[in-house]
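Only one chain is included here, represented as structure tokens and corresponding to the form predicted on its own.
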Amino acid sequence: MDTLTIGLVGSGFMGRAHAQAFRAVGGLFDLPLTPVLDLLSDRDAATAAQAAAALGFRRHTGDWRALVADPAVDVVAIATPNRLHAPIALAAIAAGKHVYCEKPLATTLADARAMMAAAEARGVVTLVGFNYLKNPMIALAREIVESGDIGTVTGFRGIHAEDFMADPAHPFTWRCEPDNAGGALADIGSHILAMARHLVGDITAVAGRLHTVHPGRPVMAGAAGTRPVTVDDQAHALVEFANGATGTITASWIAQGRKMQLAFELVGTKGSIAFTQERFNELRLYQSGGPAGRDGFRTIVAGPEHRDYGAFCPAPGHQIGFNDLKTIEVKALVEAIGAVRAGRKAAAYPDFRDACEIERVAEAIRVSARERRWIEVATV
């Protein structure tokens, strides 16, 4: 079988998730190509050497430019702070590499558009790390919507809430920097925006409100000095969809007690779907017309009959996890590249175009919050 050599930039939380997914995917799915962990880059040579040994890469470098230029690398996987996404991706595309980039795609809409245009002009495969979309329960939710089993979609209430920045003593990090697309909307709100578009369709208009709850954070853990924070701790938006549905989107990283509330309720004319990532092996479905006194949601538990679950476990109810979603995501990337190598036109989902549209909605919310009015997304 042909190989697919991987170059990974960044070895933090998401870099480790990428490495694990590339290691695992070939043992779970029948793929056209075999991923090979080849070259790892990090902020300096010593860090890269340590990470390469721990994660199973054959080589390492302290310079991402060397990784991008290396002729042996087929795929550049980007798991860096957000401000580095654009320069690394653009250099990789110029070198003819396929690109797997973490979300958000870029720190500015202009950069996102440039990345999309470059990728499409060069014809490389791109994928952006919205791995929650790869949940078999989300695939089921989309199938239910498309089947018409809950009628016409009329409403969507979505939230992504966590509490990792809830403590005002949490030190200032790159997530607090405006030029790093900082803030709850960019950091975690992009996930619920991606989910809304995936299940309901394009968002056409927004009315947004951004709220900075903690205007200053310590310069480092335990320090008395603080740095001003101008990014949002929580974001709220009213949204209108192209199909006529309306909804709300909320993002917060100061939601006390919430660890991973990526959740939604999707309402149709004949039923509803409810989901939360905190119980992501379950989907709740309501269909109208049941007998009086027995009306209500029923819980569907993930099992091998649901897309991709069976590759991990042959029994229902045993559950898959976060890193398994990353592995499913990598499968889509490898399959798309395999198709391109075989001479067929193919794209991974969500690609740079999809991610650019998510960035455009987020930017429209920022403009709306700043100007305190409804914004048509098409005007941004």
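A quick note: this is a predicted structure, and the numbers were derived from the prediction, not measured. For every residue, the number given is its place in the sequence shown, counted from 1.
Unshown form predicted in complex with another copy of the chain; subsequent notes refer to it.
- Using a 4.5 Å heavy atom cutoff, none of L84, H98 and A121 lies near another copy of the chain in the model of the complex.
- Note on the interface: of 67-75, 250-258, 122-130, 179-187, the segment with non-hydrogen atoms within 4.5 angstroms of another copy of the chain in the model of the complex is 250-258.
- In summary, among the residues A91, V231, A114, A245, the only one with a non-hydrogen atom within 4.5 Å of another copy of the chain in the model of the complex is A245.
- Checked against another copy of the chain in the model of the complex, the candidates R197, R307, H236, H170 yield a single residue with a heavy atom inside 4.5 Å, and that residue is H236.
- Another copy of the chain in the model of the complex is approached by G155, whose closest heavy atom lies within 4.5 angstroms of it.
- With a 4.5 Å cutoff on heavy atoms, G268 counts as touching another copy of the chain in the model of the complex.
- Proximity of G62 to another copy of the chain in the model of the complex: non-hydrogen atoms within 4.5 Å are absent; the residue sits far from the partner.
- In the model of the complex, another copy of the chain stays beyond 4.5 Å of every heavy atom belonging to K134.
- In sequence order, A54, L55 are the residues of 46-63 having a heavy atom within 4.5 Å of another copy of the chain in the model of the complex; the partner itself is omitted from this view.
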